[in-house]
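The chain below stands alone and is given as structure tokens, in the form predicted alone.
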């Protein structure tokens, strides 16, 4: 990918080449970004997308890196990080959250404001923008359950608002196409701070008891097939603890692959193929990746 800094005249933020992305990935794997851009305002993000469109440059948005596997060679694209956008503002029973705010920060503000509806998302290590893009969720709730509108920059660089009836999220997919989310507005209900705190505690205890939350992973590797659970199928195929080098099928939850240290993206994908093949042979089910792949 050829590019020039002069194309981005007027841009305010960080614009650098060859930034290592492994520290930004929850599984601590991946090569560098060809170009790393961190816009300070949505107008700067709009400028990036206009430049990318004009010069036919590929671009991706980097959130918390919790559902992402980056190729060992990196990614030849403009990688847009939204870390500078972290505001969460209360507006009646609504919270307007910037895309770079973390879900834990959003949930803390909801609890402090006695607003209920987000408790089921506790423990998901994502930024709001990434959670929206993939409709992040658990067995009990999804990000879009409470969303009433999004502010986005579309692929032409236009900043606009999408209302709820213009959105069509599905399981683990916000179905937004080529847009960059700048803010999300959540409609919540008034609740008891004590009850909200208890619900969060209950959800978090269950998550900690059943998932390898303290280890390096990308969250669930596969989507759950209709009427079943990927983790159950992988476990039933006898694959808990299966490993390729330091990449291992978690012994706590079989739909998580954990990096025991020094693993590579190539090893993750080798284990993906091994698990997929075994589940297909044993049960005739084709597992579909939930994790996003960059650089392939």
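Residue numbers count along the first chain shown, from 1. If you're wondering where the values come from, they're calculated on a predicted model, not measured in any experiment.
From this point on, the text means the form predicted in complex with a small molecule, which you will not see here.
Among 222 to 230, 206 to 214, 105 to 113, 156 to 164, the region lying within 4.5 Å of the small molecule in the predicted bound form by heavy atom distance | In the other structure, the partner sits against 206 to 214.
Would residue 256 count as touching the small molecule in the predicted bound form under a 4.5 Å heavy atom rule?
-> So residue 256 counts as contacting the small molecule.
Using 4.5 Å between non-hydrogen atoms, is residue 39 touching the small molecule in the predicted bound form?
-> No, no contact at 4.5 Å.
Report whether the minimum heavy atom distance between residue 174 and the small molecule in the predicted bound form is within 4.5 Å.
-> Close contact is absent here: in the predicted bound form, residue 174 is far from the small molecule, nothing within 4.5 Å, heavy atoms only.
Using the partner position in the predicted bound form, report whether residue 184 sits within 4.5 Å of the small molecule, counting heavy atoms only.
-> Judged by the heavy-atom cut-off of 4.5 Å, residue 184 is well away from the small molecule in the predicted bound form.
Here the chain is shown alone; which of 74, 191, 169, 125 has a heavy atom within 4.5 Å of the small molecule in the predicted bound form?
-> Contact with the small molecule in the predicted bound form is made by 125 alone.
Contact residue in the predicted bound form, chosen from 95, 78, 150, 136 - any heavy atom within 4.5 Å of the small molecule = Checked against the cut-off, the match is 136.
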